[in-house]
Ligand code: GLC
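Next up is one chain by itself, shown in structure tokens, the form predicted on its own.
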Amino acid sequence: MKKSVMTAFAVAGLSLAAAYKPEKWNLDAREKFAAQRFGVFIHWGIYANYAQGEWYLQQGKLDEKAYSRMMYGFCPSKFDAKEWVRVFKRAGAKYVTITSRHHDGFSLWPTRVDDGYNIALTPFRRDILGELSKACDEAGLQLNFYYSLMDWHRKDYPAGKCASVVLGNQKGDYASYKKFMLAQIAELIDNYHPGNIWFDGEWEHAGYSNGKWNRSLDWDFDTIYDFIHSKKTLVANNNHQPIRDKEDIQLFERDLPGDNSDAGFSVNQPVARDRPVEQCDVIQNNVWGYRIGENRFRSADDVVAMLARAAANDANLLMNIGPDGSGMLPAKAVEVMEKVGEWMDKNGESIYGTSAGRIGLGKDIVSTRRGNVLYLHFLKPGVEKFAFKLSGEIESAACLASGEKAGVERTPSGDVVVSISREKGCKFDKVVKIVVR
């Protein structure tokens, strides 16, 4: 009995000793990230020359050696990091996350640790990440790096269910591949000082069935995460799974956190409420990398509504744009982001640094909060009145953009009814600022 108790005590003690506790720098960085609320995602690489999206090598069942020769034709003569950043900042974005290396394995910086598959070997030669890092610094935007865990190019990568389409049943050598990844991540952090490393691709070695997750590869994330944390950088992992202790930001792909909709990838992904959450989505229809001929883009109203719904759910929105092979942002995306920026100029106060308001009507009306200020977002055309319970008295209620007073009344049951009028046609009057005393 004593031996059993001592053994249990020892195991419990070991477990307690191993519990992860974020350091102060980490908690401060998480808080700063969450307050930013709006970022721009960039998917860009040699696949932009094919103009068929970022998965063209795999989905098109192309020969990898033939596909990778596009490296010698990648010369984005119109790439201008300052112009990109001008568009992003004008839209109201506070940070940028770019694919430093996507699933095809091509690196957008002159890395010294790959096998000759990076921007330095192209006719362009320039350090894209270096130029973008400098432009972001000058504009006051945070830069983060997407980094693919999956690789359709290297011979030491253990191919999973997606990579096998390109690589066959390649067993690889994970110890070698992990060494390569850590060396590249060290370059990215030491040379460009990103706010976070944004991983993607773990899901090709994972599946959910019979109420549990099954994983076919031990990535040794503790070692990878500890290394990144040692360099004062945050970790995010787009794995579509429950979050791990050492992951600082929880990611939801194409799904409002907690919705668990079939349209997204988070059906079996519970929301962690103890750290920042980020929802990523696309501005060009159903594609992350540039696709020529795809003319369906989200409208500015769509993006604004997604921003409000994300913030009302204590989440950031990372909206993706795929530049073309010349290095230019799609004209329609620029037009949409310009209009989003106009809205953010008037209403950004209701997004940045706010938390969930916990008052709403589905997706038609959502709310954010800062202290004793509540922001009601009327997102559905025609919905201009809302009744809700509220503790405390309303000191003032007005449309945030115009300052026009909103209607406020109490019903016999004690509900507060707030109403707005759009007779003047002001496109910005979708947010009511309510000060409660």
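Not measured: the values here are computed from a predicted model. Just count from 1 along the sequence shown to find any residue number.
If you look for the form predicted together with the named molecule, you will not find it shown, but the lines that follow are about it.
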Q. Any chance H103 has a heavy atom within 4.5 Å of the named molecule in the model of the complex?
A. yes
Q | W288 within 4.5 Å of the named molecule in the model of the complex, heavy atoms | A | yes
Q. Is D248 close enough to the named molecule in the model of the complex to count, meaning some heavy atom within 4.5 Å?
A. no
Q: Would you please decide whether W55 lies within 4.5 angstroms of the named molecule in the model of the complex, comparing each non-hydrogen atom pair?
A: yes
Q: Decide if the three candidate residues D114, Y117 and D151 all line the named molecule in the model of the complex, where lining means a heavy atom within 4.5 Å.
A: no
Q) Since exactly one of W203, F227, F124, Y177 fits, which has a heavy atom within 4.5 Å of the named molecule in the model of the complex? A) W203
**Q.** Of W343, Y157, Y95, Y146, the one that lies within 4.5 Å of the named molecule in the model of the complex (heavy atoms)
**A.** Y146
(Q) Only one of these stretches, 61-69, 38-46, 406-414, 372-380, has heavy atoms within 4.5 Å of the named molecule in the model of the complex; which one is it? (A) 38-46
Q: At a 4.5 angstroms cut-off on non-hydrogen atoms, which residues of 165-198 are near the named molecule in the model of the complex? List them in order.
A: W198
